[in-house]
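One chain comes next, on its own, written as structure tokens: the form predicted on its own.
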């Protein structure tokens, strides 16, 4: 069952013209409930235009610092919730929020001696910022090499906060910006490539290889964290693998949902048997409906959040039958081979499907 708690908005800050940082107040009796690891996210529930909608937003605050829960929300074109938050949310409003969750996080330890490579693009900076602050503040012997991609300087979220971190930790933080469409200035005509504050281009394979070769790790115990849109993650991961980085040292979090629908409708009127909260639920799946939506329309409360195949909140295990996942940005090949599926993206391919929420 999805448990939501009402949290009051105590601050709204525009970090760019199309993004806002939302700070929540957490009462003392909920401190333990809302404890989190750097990199995890919150799921928010709203009623927009008469419809209940949920979205997941990564925490950009650090659990190691005495600061409120903070999320960064960038406006998305035609985005129902992101535009609602940017345009309608006010200080003093109450938002229904689920406790922190997510499998993209860092286990921070004071005694660690590591080099962290952090790769972010656009709003993918939010969980990366949480990781960055936590490492710098807690792990005195660790180093961070960070590559941050954006369209131009005006679109850089948390630009001033990042500058302050660079100033506070000059010996342990190396931050490089890469801009796909930088705005030229007259001074650029007399500035050498070496002197420029940013690199031109996207966070692609060539950029990642340049970054790794240009800035080798201080501590040989290195870990690599990537957050951004799907293509950026694929390119970065591939470049790291070609640089002989083991898969078990690469951690990814995808931002955004699929922009296309492959049109799969599934088996019409398939029988669904689901183990959920100690109950066996039986239902009929109409053609085109996902397993998740079938359970919701049956009056049940299965776990879910983004409904985009990104967050893995709706993960369950396939016990019988076959399904097709329209989009999967959360499960790795090993998990899929073990029978795990995303119920928000799965349509039946057989007359009967049996699943279990564990």
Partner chain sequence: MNMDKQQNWMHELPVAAYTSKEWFDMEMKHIFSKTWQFAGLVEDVPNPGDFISVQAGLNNIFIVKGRDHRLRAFHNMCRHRGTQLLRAVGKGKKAITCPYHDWTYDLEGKLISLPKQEEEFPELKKPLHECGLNLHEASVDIFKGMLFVHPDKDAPSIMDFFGSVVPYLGPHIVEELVEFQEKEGEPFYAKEINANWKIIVENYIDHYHLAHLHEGTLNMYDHAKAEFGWEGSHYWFYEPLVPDYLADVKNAAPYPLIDSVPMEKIGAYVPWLFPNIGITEGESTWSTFHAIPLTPDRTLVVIRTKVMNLSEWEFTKQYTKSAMSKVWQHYGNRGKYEGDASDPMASGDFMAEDVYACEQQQKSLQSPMFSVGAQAQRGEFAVAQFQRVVKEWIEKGKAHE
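Numbering follows the first chain given and starts at 1. Given the structure is predicted, the values throughout are model-derived calculations rather than measurements.
One more form of this protein, predicted in complex with the partner chain, exists but is not displayed; see below.
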Checklist entry - Any idea which of 172 to 180, 150 to 158, 110 to 118, 85 to 93 reaches within 4.5 Å of the partner chain in the model of the complex, heavy atoms considered? => result 110 to 118
Checklist entry - When you measure heavy atoms, are 14, 70 and 133 every one within 4.5 angstroms of the partner chain in the model of the complex? => result no
Item to check | residue 101 within 4.5 Å of the partner chain in the model of the complex, heavy atoms | outcome: no
Checklist entry - Do residue 269 and the partner chain share at least one heavy atom pair within 4.5 Å in the model of the complex? => result no
Next on the checklist: So, residue 80 and the partner chain: in the model of the complex, are they within 4.5 Å at any heavy atom pair?
Outcome noted: no
Checklist entry - Would residue 281 count as a contact of the partner chain in the model of the complex, using a 4.5 angstroms cut-off between non-hydrogen atoms? => result no
Item to check | Answer option from 75, 141, 238, 200, heavy atom within 4.5 Å of the partner chain in the model of the complex | outcome: 141
Checklist entry - Taking heavy atoms and a 4.5 Å limit, what residues of 8 to 35 are near the partner chain in the model of the complex? => result none
